[in-house]
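Before any questions on binding or motion, here is one chain by itself as structure tokens, the form predicted alone.
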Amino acid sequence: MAFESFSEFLSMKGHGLYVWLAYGVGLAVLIFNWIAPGLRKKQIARDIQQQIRREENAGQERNA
């Protein structure tokens, strides 16, 4: 498919908004699926560390 100019390529004969939004949403989903597991892993590690500290503090209070 040949276009006369770059602006014509972007508009894609009136369908550009739909096409570029679809690409943008697809790219956003891919980026989210790439980043989210790492963020979740960090949160889980923090939660586990907090739980360990609470259990250690509770054990120390019982022994005191």
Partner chain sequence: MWQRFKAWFHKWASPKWFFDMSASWMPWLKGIAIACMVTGVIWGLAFAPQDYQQGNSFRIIYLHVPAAILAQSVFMMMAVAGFVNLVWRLKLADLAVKAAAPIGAWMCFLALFTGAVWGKPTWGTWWVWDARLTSMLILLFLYFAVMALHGAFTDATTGGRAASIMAIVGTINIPIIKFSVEWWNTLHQPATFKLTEKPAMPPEMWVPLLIMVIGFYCYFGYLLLYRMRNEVMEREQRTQWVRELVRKGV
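Residue numbers count along the first chain shown, from 1. Source: prediction; values computed, not measured. In this text, the rigid core denotes the largest set of C-alpha atoms whose superposition between the two forms falls within 1.5 Å.
One more form of this protein, predicted in complex with its partner chain, exists but is not displayed; see below.
> If you look in the predicted bound form, which residues in 37-59 sit within 4.5 Å of its partner chain (heavy atoms)?
Replying inline: P37, G38, R40, K41, I44, A45, I48, Q49, Q51, I52, E55, in sequence order.
>> My question is whether N57 is one of the residues whose C-alpha shifts by 2 Å or more between the shown form and the other one, given a fit on the rigid core.
In response: The answer is no; the displacement is under 2 Å.
> Quick one: core overlaid, is L21 moving 2 Å or more at the Cα between the shown form and the other one?
Replying inline: After core superposition, the displacement of the L21 C-alpha between the shown form and the other one reaches the 2 Å mark, so yes.
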